[in-house]
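Shown below, as C-alpha cells, is a lone chain in the form predicted on its own; questions about how it binds or moves come after it.
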Amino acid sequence: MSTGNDIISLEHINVQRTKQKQFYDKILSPSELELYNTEAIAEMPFEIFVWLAWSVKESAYKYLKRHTPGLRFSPAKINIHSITPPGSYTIKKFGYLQYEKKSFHEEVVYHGTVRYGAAFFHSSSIIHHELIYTVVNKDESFGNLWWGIKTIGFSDHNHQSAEVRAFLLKRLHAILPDHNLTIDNSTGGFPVILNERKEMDIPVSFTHHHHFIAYSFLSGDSY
C-alpha cells in the first residue's frame, strides 16, 4: 500500500524551455514521445504533454519511495505505457479555492499506465488551465483514495509545507474525529500519520507548486 501525487502550476512553467529537445529528452523516452502522436493526445499543446508525463513520473516515484526509501528520482527509469484521454482535448479553469474528493469517478481524467522495473501502476490526472494534478495507485478504480487541491496565498516552502499538512489534517479529523492525529516525517523522507504517537496505516503523499498544494491518501475499510 502506498500513494504518490504531484501538482504542476502551469502558470509557472517555462514554455519555451519545455519545448527544447535537450529539456524534454531528460523526461520522455522515444516510446513516450510516440504517445504524443496519437490523435487524441496530439490535440494537447506539447508543453502540457511534457509536464503531464513529469507529473505521472513524479507521482510514481513518490509511491515507490515509501517502499524503497533510498530511491532517487530518475524520470528515464519510470516508463509510461499509455495515456488515455477522456475525449477531445478541452480544459476549463480550475475555479476553486479548495476542492476535495474521494476517487476520480466524477472527474474528467487522463488515465495512464506506468511501469518501474517489475512494478506496474495506474495514474489519474486532471488538467485545468492553471494546473495538472496526478495521483498514482495500484488499484485502477482509485475507489479507496482521497485527494484534495487548495490554492494558498504565499508560495514560500515553509508556508506550503504548513498549509498542506493543515489541509490534510482537517480532512482526516472529519473522517476520524475520535483520533488525536499528527503528521511526522519518516526516516525514509515521506510523511506518516500518527495517532497518539503511533503510526497509522494511512499512506499519504503531499505536493505543492507555487500557490497550489495537494494531498492524497488511501482510506481503510472502516472509513
Partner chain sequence: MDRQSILEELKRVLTPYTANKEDLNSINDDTDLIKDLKINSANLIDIIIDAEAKYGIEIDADSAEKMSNVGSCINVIIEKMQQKEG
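Residue numbers count along the first chain shown, from 1. Keep in mind the model is a prediction, meaning the values are calculated, not measured.
A second form of this protein, the form predicted together with the partner chain, is not displayed here; the remarks below concern that form.
The partner chain in the model of the complex is not approached by Lys102, whose heavy atoms all lie more than 4.5 angstroms from it.
At a distance threshold of 4.5 angstroms between non-hydrogen atoms, Lys198 is out of contact with the partner chain in the model of the complex. In the model of the complex, Lys138 stays away from the partner chain, with no heavy atom inside 4.5 Å. Although the partner is absent here, Ile27 lies within 4.5 Å of the partner chain in the model of the complex, judged by heavy atoms. Of the residues Gln98, Ser88, Ser74, Ser82, just one reaches the partner chain in the model of the complex with a heavy atom at 4.5 Å or closer; this is Ser74. The putative spot formed by Glu107, His129 and Phe217 is not touched by the partner chain in the model of the complex; no residue has a non-hydrogen atom within 4.5 angstroms of it.
In the model of the complex, the partner chain lies within 4.5 angstroms of at least one heavy atom of each of the following residues of 41-64: Trp51, Trp54, Glu58, in sequence order.
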